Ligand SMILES: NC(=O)c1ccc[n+]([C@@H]2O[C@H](COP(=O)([O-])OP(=O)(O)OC[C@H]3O[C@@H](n4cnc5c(N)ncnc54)[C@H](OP(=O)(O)O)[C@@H]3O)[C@@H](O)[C@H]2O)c1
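Just the one chain here, the form predicted on its own, laid out as structure tokens.
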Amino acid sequence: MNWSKLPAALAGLPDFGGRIVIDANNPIEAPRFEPAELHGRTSSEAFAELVPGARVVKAFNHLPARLISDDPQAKGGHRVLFFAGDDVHAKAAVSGLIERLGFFGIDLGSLEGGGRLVQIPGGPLPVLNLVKLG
């Protein structure tokens, strides 16, 4: 979905009441992949404002969808998925989901710091297809 369509898609939803919401978005406008204007914030910080009361965890956004839908076991190990968030319990739940799906999760810290690392465009970690061996 184009970034600019998120506000309308999420408008009018009730308070999330502490539920965990996974932010798998990237601030781009397809098909030209132009970056959205975020005024110095990460996309997850902006996204969190659209889901009031949610505990937002950034995850499942740094790899192409085909690699996430493929077998998480690759080349003798488990494909790595990064995640970030400000709520330790929400991150633990998402980490557990990542592991149950067969991936190896790496916690990058806060939405601001870790979210910036995996954000497309601009982050240094997107599209890195890493595998945890062993």
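A residue's number is simply how far along the shown sequence it sits, counting from 1. Just so you know, these numbers come straight off a predicted model, no measurement behind them.
Only in words, not in the display: the form predicted in complex with the ligand, which the text now covers.
A heavy atom within 4.5 Å of the ligand in the predicted bound form is found for one listed residue only; from G40, P31, G96, P64, this is P64. Proximity to the ligand in the predicted bound form holds for none of F83, S110 and L128, with the criterion being a heavy atom within 4.5 Å. Here the chain stands alone, but in the predicted bound form its contact with the ligand, taken as any heavy atom within 4.5 Å, falls in 56 to 64 among 102 to 110, 75 to 83, 56 to 64, 41 to 49. Using a 4.5 Å cutoff between non-hydrogen atoms, A24 counts as a contact of the ligand in the predicted bound form. In the predicted bound form, A11 stays away from the ligand, with no heavy atom inside 4.5 Å. Residues are counted as partner-facing when one of their heavy atoms sits within 4.5 Å of the ligand in the predicted bound form; in 80 to 103 not one qualifies.
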